[in-house]
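One chain is shown next in structure tokens, namely the form predicted alone.
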């Protein structure tokens, strides 16, 4: 049996809409093996009551993509999903499922696809690379689509960087979070985000946390999504006052992620209490960036 561990991810990181993402030390597990016949899917953990157990399952869809690409035809397939990443909260649960399915299927079929090929397949399924790239390779990843493939560069996370994640007790489908975005933005807002994305990447490489507050501001997606997350602006302000170096909507949300190098306990308390002032209960967890992406833990006979 193939057993794969896939990290959670946070995308956008403020201004880097659809181009920046970072892996986090929170994991899902995908197990896969060939069966004598049929499709058998077992789901445990977060979202187990909502995830389909038929051919519409995203892990199976991803595995089938690999099998078709390499010409492998299993007699049947047995899949087990063990989920710790919250479903539809902005922490890359779908990306983890996609990467888990692709990597496990690639190993099962003889490991014929390389990292770039897997990332291109993942992006085809997900529609954008900002979550699937760090889920696959780990660290902080800058991605662009060019020449019919994904160009990417991995940055090692600063050793002292910590994250406090506030996860509201409601889901926010990515489709809905994208529907509120405008089809075009002003030149002023585009320049605003380009500058801050460049500053953010440079600050992370230079490990200059003093720059994160200004670098993580955004005018392209977060202002339009704020109404979908009650209390978001207040939590942003409170976390910064408590010592967060920067804060952003994690992916499409509703989770909010504060970037810190100290005072994580205070920041966690403040984020939780500020959400409560808006009538929102949020689970708050402290996570570290994960320099390692998806890995095969073991191949069990």
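Keep in mind that this is a model prediction, so the values were computed, not measured. Positions refer to the first chain, counted from 1.
A second form of this protein, the form predicted in complex with a small molecule, is not displayed here; the remarks below concern that form.
**Student:** From the candidate stretches 53-61, 32-40, 245-253, 66-74, select the single one in contact with the small molecule in the predicted bound form, where contact means a heavy atom within 4.5 Å.
**Tutor:** It is 245-253 that comes within 4.5 Å of the partner.
**Student:** Between the small molecule and 11, 174 and 225, in the predicted bound form, does every residue show a non-hydrogen atom at 4.5 Å or closer?
**Tutor:** So, yes: the whole triplet contacts the small molecule.
**Student:** Answer for residue 286 alone: is it within 4.5 Å of the small molecule in the predicted bound form, judged on heavy atom distances?
**Tutor:** Close contact is absent here: in the predicted bound form, residue 286 is far from the small molecule, nothing within 4.5 Å, heavy atoms only.
**Student:** Does any heavy atom of residue 154 come within 4.5 Å of a heavy atom of the small molecule in the predicted bound form?
**Tutor:** Residue 154: no, not in contact with the small molecule in the predicted bound form.
**Student:** Answer yes if any heavy atom of residue 78 is within 4.5 Å of a heavy atom of the small molecule in the predicted bound form; otherwise answer no.
**Tutor:** Output for residue 78 is no: heavy atoms all beyond 4.5 Å of the small molecule.
**Student:** Can residue 219 be called a contact residue for the small molecule in the predicted bound form at 4.5 Å between heavy atoms?
**Tutor:** Residue 219: no, not in contact with the small molecule in the predicted bound form.
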